[in-house]
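Shown next as C-alpha cells: one chain only, the form predicted on its own.
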Amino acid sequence: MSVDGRFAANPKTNNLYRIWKRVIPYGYLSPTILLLAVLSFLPIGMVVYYSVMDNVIMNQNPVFVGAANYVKILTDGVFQTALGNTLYFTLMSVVVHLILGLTFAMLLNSKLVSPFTRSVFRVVYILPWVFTASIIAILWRLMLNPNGVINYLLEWSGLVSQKIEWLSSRQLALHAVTFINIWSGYPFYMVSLLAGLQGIPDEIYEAGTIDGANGPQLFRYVTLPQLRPIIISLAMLDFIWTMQQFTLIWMTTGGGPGRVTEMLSTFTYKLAFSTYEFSLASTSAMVILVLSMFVALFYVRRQRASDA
C-alpha cells in the first residue's frame, strides 16, 4: 500500500500529513525569513524601541518617554524645513523624471530614426545610470564649481557676467541638487518606458489611425493608457527611493548652505552622528519609514489589483 494510502487509512496520521504539507513550504522559506528577520525586522524593531526611549546609547539607563520624541521632532523647525525640502526635492524629481524618461523613450522608439542612431543615443541617454551616486556628486561638484566648466561656458556665451555659486547659494542650491538628481535618475524611467512602448502592439495604432486619430490623440488614448501601470509603479518606487536619498546630498552640499538643502536623511544622520541624539534620530527615521510605507501601501495594492 502506498504512503498516501496508509495515511488515508488512519485519520490521525492523515491530519499529521496535512499539517506536514503546510509546514514544508515554510521550511524552504526559513533561510529567507531568517535573513529578513536579522537584516530588516530586528533593526526596525530596535529603531521603534529607541524612538520611545530617552537618549539611548549615550544614556546608560534610558527611560520610557512615549510620544515625547515624536512631539519634539514634529514641532522642530529644522525638521519642518527638512521635510519641506525633501518633498520639493522628491516631487520635482519624480515629475521631471517621468517627463524626460517618457520623452526620450518615445524618441528612441521612433521609427523615423535609423537603428544605428537609436543605438548610439541609447548609450548616451543611459550613461547617467552607469555612475554611482558618489561619482555623480563629485562630477557635478567639479562642474558646478565657480571655476568649473558650467560657469566657463555661461561666461563664454555671454549669458552671465560673473561666476555663479551654484551649490553655495541659498537661492540656487536646492534647485541645483534637484537638477543633479533628475539628471542621474531619468534613465530608469527611460529604459522601463521604452520596454513598455515596445510591448504595445502596432495593430492598436493602426486601428486608431484608420479611425481617424492623429498623433496627439494616439498618444493620449493609446500610449498613455497602455503605459499607465508602468508609470504608476515607477512613480511610487521613485518617490520612495528619492525621499531617502542621502549620498548625493551629503557629498554635494551636506545639507547647506545653512539648511536650504537639508533633507530628512541628512537631518537624521546629523542627529545621530553629530549631536548623538540617537533617540531623536530614530524618531526621525520612523517618520521617514511611515512616509515610505504610506506610498508602498498604494504600490502593493496597485500590484495586487494588476495581478488579479
Partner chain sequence: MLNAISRPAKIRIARALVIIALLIGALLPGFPVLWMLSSSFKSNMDIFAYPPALITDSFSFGAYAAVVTSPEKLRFFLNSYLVSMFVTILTLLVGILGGYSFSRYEFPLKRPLNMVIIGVQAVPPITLLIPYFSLIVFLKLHNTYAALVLTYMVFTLSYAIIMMTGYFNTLPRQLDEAVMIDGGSSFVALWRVLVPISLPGIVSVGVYTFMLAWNEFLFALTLTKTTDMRTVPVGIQLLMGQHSYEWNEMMAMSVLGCLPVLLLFLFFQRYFIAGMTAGSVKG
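Residue numbers count along the first chain shown, from 1. Just so we're on the same page, rigid core means the largest C-alpha set that superposes within 1.5 Å between forms. Nothing here was measured: the structure is a model prediction, and the numbers come from that model.
Not pictured, yet referred to below: the form predicted together with the partner chain.
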Selected contact from Ile204, Ala213, Val191, Leu74, since only one has a non-hydrogen atom within 4.5 angstroms of the partner chain in the predicted complex: Val191
Option touching the partner chain, based on a heavy atom within 4.5 Å in the predicted complex, out of Val78, Met143, Met92, Leu218: Met143
4.5 Å heavy atom contact, Ala173 to the partner chain in the predicted complex: no
Partner proximity in the predicted complex: Phe41 to the partner chain, non-hydrogen atom cutoff 4.5 Å: yes
Touches the partner chain in the predicted complex: Phe131 (any heavy atom, 4.5 Å): yes
Partner proximity in the predicted complex: Phe273 to the partner chain, non-hydrogen atom cutoff 4.5 Å: yes
Heavy atom contact within 4.5 Å of the partner chain in the predicted complex, the stretch among 78-86, 218-226, 111-119, 204-212: 111-119
Residues in 16-45 close to the partner chain in the predicted complex, defined by a heavy atom within 4.5 Å, in order: Ile24, Pro25, Tyr26, Tyr28, Leu29, Pro31, Thr32, Ile33, Leu35, Leu36, Val38, Leu39, Ser40, Phe41, Leu42, Pro43, Ile44
Core-aligned CA displacement of Tyr28 at least 2 Å between the shown form and the other one: yes
Exceeds or equals 2 Å, Cα of Val290 between the shown form and the other one, core fit: no
